[in-house]
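Quick setup: the structure tokens below cover two forms of a single protein chain, split into structure 1 and structure 2.
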Structure 1
């Protein structure tokens, strides 16, 4: 911690920009946004208050999503019809989560740090055990999906084949997104870490559609919670500005690379980084 304290302010600007740039690239390609990587990494290894880190995490996830959205929509990967109801539900509950997280932090910051580490390790377990399917087999007949028109098509560039898709288990999916929004606001993680498994594994959206729709929906989900942190004074410009700059540049590159890369490769790298950051955050919560 002494070495960190000796780092000049401009050194932190450079470090945050470079770190966020890399997070932006891999976060978009993995469909988990930037917050879920940024918060445990910076919160565990940098001498910033966890409140400031969580506030920055929401703005960073928001910046990453906004930077990637045009390219994802252009390639017809992100589905507006699927993203809007999902994001609105998660957004409403993220407000509750933001207030709850700030309240717990006021009691004892170590509580949030330890819970954050435990949640990140839980996310790692979910990602390890989830078997993503590029194009899941979905049984037709979901009335809610038909009512909202939750389906579409996209061109798989690796095979130049047009893929038609729809979703199912829509009611349960919407319930889970309420819980995801609560955790996103509480820990400043964004929502992409859970969006992709729910959209792909439960609702049956193709993996690339789930990744792109997740990245796009974060721009709605995180906006409400981010304003709560801003209003409470938990946003530090020297932490947020270079991080947003780096992640937006990285996210644009990640969005362009997404149609051409194998998601499994990115998934493995993200799991490793999350495990290290989550373990460090958990230990820090216990004062180790």
Structure 2
């Protein structure tokens, strides 16, 4: 605590910028969003209250999602058609999650810290076991998908082919998005780690569409929860602004470095860092 107290405020601004910058680089290279790394890392190892860290986490996820969205939408990788209904459900439940998280934290911040640790360890498990399918086979005839015309097309650059896609298991997918929204609001996380498997493996969206639509939909999902944290006073500009700046610059560099690194190695490194941060958060929740 003495080392924390001795650090001047501008030292924290630089530290947050550098940490978020590195998270931005490695997050992109590992294919996960920044919020899921930022909240457990900063929440476990920095002196800030977990409430402010979750508030910052939501804005980081929001900022990086908004920055990536124009290009993803322009190239038809992110689908507005698919994002609109899933983001509506997720954002409704992220409001519930935000209130639930702030309520639990008001009772005892250790509860939310411990639950965050447990969730991060669960995410590590999901990441270690997750599979993906480039273009899954989808049986047409899903009533909800047909009602909203959930599908589209994009050009696969490697083969220069136009890929047409649609989705199935839409009802179950919508239910899972409610749960994802709840967790996003509760813990201040972007939810790419959950969105992508639901969109790709369950609903059958092509992997590129699933990743891009997930990234874009976070800009809508986290909006409602972000307003709640803001209105409750859980957002500190001195924490949020350098973090968003760092992650945006880092993500751009990460995207440029991506073709030159081994993504699997980076992914394993990030999973290891997440595991350590999750464990630390869990132990902090138990007062250890």
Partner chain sequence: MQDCQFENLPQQQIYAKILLWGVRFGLFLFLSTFILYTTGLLPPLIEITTVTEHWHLPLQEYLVQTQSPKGWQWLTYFNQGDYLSFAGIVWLPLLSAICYTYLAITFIQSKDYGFFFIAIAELTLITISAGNLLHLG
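Rigid core here is just the name for the largest C-alpha set that superposes within 1.5 Å across the two forms. What you see is a predicted model, and the numbers here were worked out from it, not measured in a lab. Numbering follows the first chain given and starts at 1.
*Of these two copies of the chain, point out the form predicted alone.*
The chain shown as structure 1 is the form predicted alone.
*Per-residue rigid-part match between structures 1 and 2, residue 103 to residue 171*: Both residues go with the same rigid part.
*Rotation (°) of the smaller rigid part relative to the larger between structures 1 and 2?*
Comparing the two forms, the smaller part rotates by 16 degrees relative to the larger.
*asked:* Using a rigid core fit, what is the CA shift at residue 252 between structures 1 and 2, in angstrom?
replied: Comparing between structures 1 and 2 after core fitting, residue 252 shifts 4.9 Å at its C-alpha.
*Superpose the two forms on the rigid core, then give the C-alpha shift of residue 24 between structures 1 and 2 in Å.*
Looking at the C-alpha of residue 24 between structures 1 and 2, the offset is 3.4 Å.
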